[in-house]
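Take a look at this single chain, the form predicted alone, given in structure tokens.
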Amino acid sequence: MSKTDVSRRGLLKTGAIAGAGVAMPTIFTAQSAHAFTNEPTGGTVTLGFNVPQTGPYADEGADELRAYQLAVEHLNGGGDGGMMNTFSSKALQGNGILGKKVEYVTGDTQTKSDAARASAKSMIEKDGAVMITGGSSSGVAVAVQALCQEAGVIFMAGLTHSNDTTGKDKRANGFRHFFNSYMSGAALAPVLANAYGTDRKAYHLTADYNWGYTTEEAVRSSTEAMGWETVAAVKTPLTQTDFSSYIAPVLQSGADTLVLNHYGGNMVNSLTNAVQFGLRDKLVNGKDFQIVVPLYSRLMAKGAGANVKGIFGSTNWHWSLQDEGSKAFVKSFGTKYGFPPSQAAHTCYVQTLLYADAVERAGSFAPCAVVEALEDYEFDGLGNGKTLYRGDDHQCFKDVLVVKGKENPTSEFDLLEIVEVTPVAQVTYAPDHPQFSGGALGTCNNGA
């Protein structure tokens, strides 16, 4: 461990939670920093919100954008302040970031890596964005994170669940608040074993890109460890809308459980097709046929309607949580938009506040100052309980929720119920865990 590592970890011990509002020592100050990419020189600072406004994850993107706009409002002193009032750090004062009014530009990732890189590049080069955030696809997140590393700006990932984002494709300029595939597997397996037993035959349908691959690997690993057998794993195109041809073979496979490693519109369509084929009414191997959705969201549950009833999955956050931070965010978001926020909205709002807070504590927008302020930073009051931004890989570690579709929902938003709050210790892994092997964090890049 280097002296820098020792120093950083020492700061964690003395500055956790109670001292979270104390500025962290850094060589990068507003007065001494060398020039860096898009250094704000006037009275404003520009952030880039890169979300899927079209494509299969467009519903998630729309909610992300709502959350970003709410975060900007709160940072600039508008509204009720939301989670700025519950955040353990008290560095943010509602006067922008370092006294500069926050402005923003938006881009459409189209849920395509090339399109996402192009829009992020434009926001950096043409609009002067000093930080890029967003995305509802891990393929997009990995691509944009690499671009931001090259350009010398900070990337605060939005909704991205693949292990790769903070695994083999991690970057020093990138940070993820959202949980990952490994955490879903680790949280789900004990619940599934308790509900369905340890003698199951699983059939996986997997979205054909890196999120699908790592989610399948994580769920297979965790369920096989408890005794389940994987009888087949079939990849499906991200652009697929009708999954009938993929569902039919499941009935002939001998599987008694279908795992849908699908997200957004893909999951809505594949689950709907599975129910239409009568899978949930089947008796296979002497067991009631079951379906599992490793990564859930309220928006997906709404799209799938009654089909989600009784189906288990995991989620990063849910609007029904009763901690003070979650309640404050739900109130702010609901007042502004008329409905509760999704997990995508939550992670994007939190990432914006965490970036702004890191800049305030560092006293500089310089990327390397922000990196130092975020690494091994522990905080509370933003939902999910105490959370650590681990310095080794820039992954947040916090409690994970296991949910299932409600049998008797009271509204179109009350579709999921929390069945287990999995403690952070159960989903924590070593930085060199095999599911995260390969790649190096590297060093921060200030750019210009």
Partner chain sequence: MDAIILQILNGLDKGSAYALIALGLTLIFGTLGVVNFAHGALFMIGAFCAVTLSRILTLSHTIIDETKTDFLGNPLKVDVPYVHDIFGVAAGNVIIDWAVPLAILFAIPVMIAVGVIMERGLIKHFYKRPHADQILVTFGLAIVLQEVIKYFYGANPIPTPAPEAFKGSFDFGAAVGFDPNLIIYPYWRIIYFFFATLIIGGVFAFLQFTTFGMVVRAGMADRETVGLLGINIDKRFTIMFGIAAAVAGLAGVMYTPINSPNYHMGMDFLVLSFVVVVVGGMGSLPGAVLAGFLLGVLESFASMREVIDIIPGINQIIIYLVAIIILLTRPRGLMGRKGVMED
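All values derive from a computational prediction rather than experimental measurement. Here, rigid core means the biggest group of C-alpha atoms that superpose within 1.5 Å across both forms. Numbering follows the first chain given and starts at 1.
Heads up, the form predicted in complex with the partner chain isn't pictured, but that's what we're talking about next.
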item: Contact flag, Q53 vs the partner chain in the model of the complex, heavy atom cut 4.5 Å; value: yes
item: Partner contact for D399 in the model of the complex: the partner chain, 4.5 angstroms, heavy atom; value: no
item: D199, heavy atom within 4.5 angstroms of the partner chain in the model of the complex; value: no
item: G78: touches the partner chain in the model of the complex, heavy atom cutoff 4.5 angstroms; value: no
item: All of Q69, N95 and G99 with a heavy atom within 4.5 Å of the partner chain in the model of the complex; value: no
item: Sole residue of L299, I311, V191, A151 within 4.5 Å of the partner chain in the model of the complex, by heavy atom; value: L299
item: Heavy atom within 4.5 Å of the partner chain in the model of the complex - the one residue of N269, Q290, S89, S222 that qualifies; value: N269
item: Interface segment, criterion being heavy atoms within 4.5 Å of the partner chain in the model of the complex, picked from 70-78, 269-277, 353-361, 372-380; value: 269-277
item: Residues of stretch 240-257 in contact with the partner chain in the model of the complex (4.5 Å, non-hydrogen atom); value: Q240, T241, D242, S244, S245, Y246, A248, P249, L251, Q252, S253
item: Residue shift check between the shown form and the other one, rigid core fit, G99 Cα at least 2 Å; value: no
item: Rigid core superposition, T239 Cα moves 2 angstroms or more between the shown form and the other one; value: yes
item: Shift of K121 between the shown form and the other one at or above 2 Å (CA, core fit); value: no
